[in-house]
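The data below hold one chain only, encoded as structure tokens and taken in the form predicted on its own.
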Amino acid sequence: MKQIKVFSPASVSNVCCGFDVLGFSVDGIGDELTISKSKKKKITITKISGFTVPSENNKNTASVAGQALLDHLGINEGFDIEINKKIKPGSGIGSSAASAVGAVFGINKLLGDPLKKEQLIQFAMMGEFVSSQSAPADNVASALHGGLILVNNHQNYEVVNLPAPKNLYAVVHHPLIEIKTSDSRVVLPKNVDLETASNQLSSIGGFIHSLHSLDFLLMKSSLTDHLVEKYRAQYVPAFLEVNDTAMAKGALCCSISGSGPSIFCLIKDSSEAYRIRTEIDKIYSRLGIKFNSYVTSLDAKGVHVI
């Protein structure tokens, strides 16, 4: 192969109780990358359509991630990358991660798959660090592996694919404004007390057990963010009204994806998911806030060839 086109999905991170370690891929929204072999002996971003991102090699997450992969393999080959950027930067649904994952996945394919998928995460993270030096791997791992994941940010980014109940859906609303991850982390506390840490540990343990046991009552009681939501909520348009509406209509949870401004709800049953999506759509429309909204299962595909 001399050319490949890949789809790399958007992703929701944190998932209420899993700050920096839980995430899931989103069906139907993502970046498309066309990657071609080149004689230039370097990676070149040849075209960017859709949302605007830097085209410079040292500033684009795709080119940085791809070059990190080539340097590791000791390969002196060139690649041209065209990016159809369909995820708005600063959306809270893994825009930078999607491009980085798409680049390393596609280049690895063109090279004949010298590395396994789980090995690609470390190079995609090199691209992710372009957008935020403190970036965790929850978005990258979600886009790379698909489905619902738990990632260890400190031990070679080990990823665990968690079971996703067939009748569990997410509704994602993306107000079309930008919140940079690096800016949103400034408002977070540097230290947390033991009670807060204990509550968060209890929540994530309960949530993971509920996935295995299909205990939706436990799931609902566990899907609480004790660490960051209260600090970021004021920067997310209409969050409190959306949260109140979603929970009153029967959602299992409603919280902020990543650093925002995107909001997601987890809902049992697809018909209920579409009903709640419509109710939240009405809120943004009434407030005059431009937005996109999506319904996804929690077992959506990760990056793949199209």
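The numbering used is simple: start at 1 and walk along the sequence shown. Everything numeric in this text was worked out from a predicted model, so none of it was measured.
One more form of this protein, predicted together with adenosine-5'-diphosphate, exists but is not displayed; see below.
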Classify residue 117 as contacting or not contacting adenosine-5'-diphosphate in the model of the complex by the rule of any non-hydrogen atom within 4.5 angstroms, answering yes or no. no
4.5 Å heavy atom contact, residue 90 and adenosine-5'-diphosphate in the model of the complex: yes
In the model of the complex, residue 237 touching adenosine-5'-diphosphate (heavy atom, 4.5 Å): no
If you check in the model of the complex, is residue 59 within 4.5 Å of adenosine-5'-diphosphate, heavy atoms only? yes
In the model of the complex, which of the listed residues (108, 200, 131, 210) lies with a heavy atom within 4.5 Å of adenosine-5'-diphosphate? 131
In the model of the complex, the residue from 226, 85, 220, 72 that sits within 4.5 Å of adenosine-5'-diphosphate by heavy atoms: 85
Please pick out the stretch from 46 to 54, 267 to 275, 244 to 252, 22 to 30 that is in contact with adenosine-5'-diphosphate in the model of the complex, where contact means heavy atoms within 4.5 Å. 46 to 54
Any residue of 142 to 179 with a heavy atom within 4.5 Å of adenosine-5'-diphosphate in the model of the complex counts; write them all down in order. 178, 179
